[in-house]
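This document starts with one chain, in the form predicted alone, laid out as structure tokens.
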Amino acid sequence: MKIETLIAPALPLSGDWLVLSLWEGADMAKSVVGISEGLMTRIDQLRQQGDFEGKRGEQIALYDSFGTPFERILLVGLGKADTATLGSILRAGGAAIRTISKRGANIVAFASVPAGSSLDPSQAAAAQVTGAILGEGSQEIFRSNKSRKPIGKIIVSSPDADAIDRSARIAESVRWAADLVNLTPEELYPESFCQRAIEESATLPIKVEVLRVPELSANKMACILGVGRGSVNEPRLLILRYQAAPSDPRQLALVGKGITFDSGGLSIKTADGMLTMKCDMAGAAAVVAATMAIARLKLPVNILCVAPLAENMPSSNAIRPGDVLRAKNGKTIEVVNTDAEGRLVLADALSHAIDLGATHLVDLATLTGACLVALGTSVAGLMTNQEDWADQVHAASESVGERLWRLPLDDDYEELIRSGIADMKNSGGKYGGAITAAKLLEQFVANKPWCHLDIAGPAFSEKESPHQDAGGTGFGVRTLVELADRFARR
């Protein structure tokens, strides 16, 4: 899908569809620049009849040009202007494209988001484009007859073409991460994940390193090796380096859990619990995609991306409950549940990031069902060892509309992961599960500023919504890019 920017507040010249976003209220059409008198009259009629009031999520298709140079017009409700967010604009853009893609189109034009809210016009237009690109995504990778058809080109009215280009680049990286999550475990395993990352970053100023079993052994990464040893697909550690600020001593490490399929190991999951476990590498997909987006945007920042990759499978060679693993930093972990494997691979990955010079860290992981129970499917949990760093991460997420919620990380929780035979155990039981998992990870960041994002809820959608398909969402990519941008400017 191509993106074209029209540097003008008026409507684009022509197209198959015009997407007209409108605020809720009696004068919804009057703030839109350039619409015809006939279309304004029709919108007023729809409002008076109660067929379209501009409420958030409302849509109605008009199969008449009403004096405009468009074959069809799609009215999209934005809700009340005084409660609008960039997130609501993004979702409206996604919903519009999902509606139109059921029929397909060569050219879809988005009118400017009307005046009346506190949103910056260029940011609002960029949010429309982001939503449109994400809304075109689909998990129908292997279907012969797809339910939606491609869109040729989007034209968007915006005063800032650079902002549109930036949002499109980031959204394409989000799509790449989501598409990776939607692949089957047969298609995506540690080695093929690495190969896809190598191919995608081939034209970017990124140095890629892949640690295989011999290198993992030499680096004493017994946790990654332990989790991966039950599978015929050997584990890997994928490392991407983007170094665009040579005079800056700071190194921002993005670490992502990459369990390409999680059966639970010998502590095996139920059949239903295993069904969507191809998504357990969503954290790794997000950090790799974000690193590539940062490189495409040429942000002046040093990024160290570390993705531990493994399949967690049961076999005669799999780790057992009762085994003790020694992580790279020398600390020992008693395995009491082989289904608590994500924190094990992250322990080695975080330790390695520290050894490679990380000064600030963020890890993303579909880590615990406990976080999903606590926060639902739309919000990720945020835990930290440093308040100022957490504030920076949270501010970045808020600005792009990805929701995080702070959970405590008090020292009292450390007692729950205390082991009688090792430094710690890999599960603290059913109470405070998201927090006790983070308490384990905290032992491997060497007191550097660190945030842990448990993305178990928003990383994968089991049901489609008006603005996105079911499957991978690419959650976290936009937050990390925004964080890196702010990090470079501090």
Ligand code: BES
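It should be emphasised that the depicted structure is a prediction, and the values quoted were computed from it without experimental measurement. In this text, residue numbers run from 1 along the sequence as written.
The following text describes the form predicted together with the ligand, which does not appear among the structures shown.
Thr377: heavy atom within 4.5 Å of the ligand in the predicted bound form?
Result no; Thr377 lies far from the ligand in the predicted bound form.
TODO: State yes or no: in the predicted bound form, is some non-hydrogen atom of Ile35 no more than 4.5 angstroms from a non-hydrogen atom of the ligand?
DONE: No, Ile35 stays farther than 4.5 Å from the ligand in the predicted bound form.
So in the predicted bound form, does Ala132 come within 4.5 Å of the ligand, heavy atom to heavy atom?
-> It does not: once the ligand is placed as it appears in the predicted bound form, Ala132 has no heavy atom within 4.5 Å of it.
(message) Given that the ligand is not shown alongside this chain, does Ala340 nevertheless sit within 4.5 Å of it in the predicted bound form, heavy atom to heavy atom?
(response) Looking in the predicted bound form, residue contacts with the ligand include Ala340, since a heavy atom lies within 4.5 Å.
Three-residue site Asp363, Cys451 and Glu482 fully in contact with the ligand in the predicted bound form at 4.5 Å by heavy atom: None of them does, since no heavy atom lies within 4.5 Å of the partner.
Tell me, out of Ala370, Leu204, Ala81, Ala390, which residue has a non-hydrogen atom within 4.5 angstroms of the ligand in the predicted bound form.
-> None of the others qualify; the residue that does is Ala370.
ask   = What is the one choice in Val400, Ile268, Met277, Leu416 with a heavy atom within 4.5 Å of the ligand in the predicted bound form?
value = Only one option qualifies, and that one is Met277.
Using a 4.5 Å heavy atom cut-off, which stretch among 406 to 414, 290 to 298, 71 to 79, 257 to 265 contacts the ligand in the predicted bound form? In the other structure, the partner sits against 257 to 265.
At 4.5 Å, heavy atom to heavy atom, what parts of 412 to 440 sit next to the ligand in the predicted bound form? List them in sequence order, or say none.
Residue within 4.5 Å: Ser427 only.
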